[in-house]
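Before any questions on how it binds or moves, here is one chain, the form predicted alone, in structure tokens.
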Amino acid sequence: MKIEVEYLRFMWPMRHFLITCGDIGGKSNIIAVSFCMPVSKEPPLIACAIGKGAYSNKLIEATKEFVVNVPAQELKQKIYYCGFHSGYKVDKFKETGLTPEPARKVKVPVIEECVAHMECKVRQEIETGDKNLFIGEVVEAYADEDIAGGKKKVEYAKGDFPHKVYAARFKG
């Protein structure tokens, strides 16, 4: 017998990313996302879904830029912090100790501790229910030399189904 379940449950485990955005009045933000994927190779496009009420949504809409930072497993607790706290209320760079560094082609900072970075300029924004889908053109992509060259493997931070985030919808 098959029973009704939350559809998102079977989309996990998913890789987590740390998206940096902002630089409005000197304030940048970090948001942890799992809903992020490549959607085109030529031109290189990435789509990221961000909640409409999120501070990061406001910042990306205003600046039309974001950076997808790829964290290693060692940053898991910092990823969770960025996912469960609002940039409206806290400075996530300060609270996590993550280091903002200048990006190469966008005004949004990258996170020094991450192993790879994809700098994006928003090409399109699509309303999708409770989230906005930001489609960004990758204008610069780079990674730690040992990882890019295959000399070092990294266990990417990934997580299980986020019961806490989807508790209101989760049925079992």
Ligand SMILES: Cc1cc2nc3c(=O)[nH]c(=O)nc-3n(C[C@H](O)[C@H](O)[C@H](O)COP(=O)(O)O)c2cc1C
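Everything numeric here is computed off the predicted structure, so don't read it as measured data. We number the residues from 1 along the sequence you see.
This protein has a second form, the form predicted in complex with the ligand, left out of what is shown; the following refers to that one.
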property	result
Listed range touching the ligand, judged in the predicted bound form by heavy atoms within 4.5 Å, from 65 to 73, 110 to 118, 45 to 53, 142 to 150	45 to 53
Contact of Val106 with the ligand in the predicted bound form (heavy atom, 4.5 Å)	no
4.5 angstroms heavy atom contact with the ligand in the predicted bound form for Lys131	yes
Partner contact for Ala32 in the predicted bound form: the ligand, 4.5 angstroms, heavy atom	yes
Sequence-ordered residues of 62 to 78 touching the ligand in the predicted bound form, heavy atom within 4.5 Å	none
